[in-house]
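Given next, in structure tokens, is a single chain: the form predicted on its own.
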């Protein structure tokens, strides 16, 4: 309202001022995963129709968590060993892709494309059933347990992907450096090991870590071929507790949470390294 000089009050239209927009509440992936797990636990406990003598889903997870976590550590051990074997073999295969010999480069390309584009589960089955349970060397019998064969099965696609990472990193180095090394009388081998590969480390590290995260998550496939890792132990725990339907989501949700808590920091670290080592 506005008052005039004669004392009359006149209505005045006030300009519209929109209310300040509220910032949406953002929940990170880690918090979302923990909240989902807690929601599953709460819902399973509320839906359970167990008697007074039966344990709740949370109590069962606490009871069996030492066994399940040992299985999870076994998953991590398989992933680390497969990554080690695959990286060593992939480095050699990647250098063979860059060979001046056309025959060697062509064979290496075929091997890389075959193992890179083959399903991991199919490769795992091939290794599990084609590799014998034991080998004899100089009258000494060496057993090959299932987890070793599973590790080799995971190392094969890692080898192919690492080989492609090595090839791409070396190709990304400007060709002028090859010419400069040649003008200084470096051999091709010296140029590769002393000049090119040291520069490629920072370029190969982020995709290499991404491959490892994929391997760590894929180790659950070993449960299909009988390896006693976390998913296999989770199914055994579920059967040992009577196969109660309300335990299915909490037990497998616990396995999912363990893998998420392990792989998500690797994802963050990979993104940070990509920003730090970005080639300009």
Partner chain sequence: MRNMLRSMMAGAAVLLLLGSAQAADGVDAIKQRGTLNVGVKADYKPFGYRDPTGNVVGIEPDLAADIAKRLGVKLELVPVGASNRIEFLQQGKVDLLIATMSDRPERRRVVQVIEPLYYSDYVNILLNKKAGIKDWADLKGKPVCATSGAWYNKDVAKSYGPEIVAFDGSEKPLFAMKQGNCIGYVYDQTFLQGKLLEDEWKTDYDLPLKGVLPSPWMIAVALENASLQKLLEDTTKDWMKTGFIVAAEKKWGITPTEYSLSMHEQYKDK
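Source: prediction; values computed, not measured. Numbering follows the first chain given and starts at 1.
Omitted here: the form predicted in complex with the partner chain. The next part is about that form.
The candidate spot formed by 129, 133 and 233 lies fully in contact with the partner chain in the predicted complex, as each residue has a heavy atom within 4.5 Å of it. Picking from 154-162, 170-178, 134-142, 189-197 the stretch near the partner chain in the predicted complex, with a 4.5 Å limit on heavy atoms, gives 134-142. At the 4.5 Å threshold, heavy atoms of residue 69 stay clear of the partner chain in the predicted complex, well away from it. Taking non-hydrogen atoms only, residue 182 never approaches the partner chain to within 4.5 angstroms in the predicted complex.
Though the partner is left out of this view, residue 58 does not reach within 4.5 Å of the partner chain in the predicted complex, counting heavy atoms only.
The closest non-hydrogen atom of residue 217 lies beyond 4.5 Å of the partner chain in the predicted complex. Residues of 226-255 placing a heavy atom within 4.5 Å of the partner chain in the predicted complex, in sequence order: 226, 228, 233, 236, 239, 240, 241, 242, 243, 244, 245, 246.
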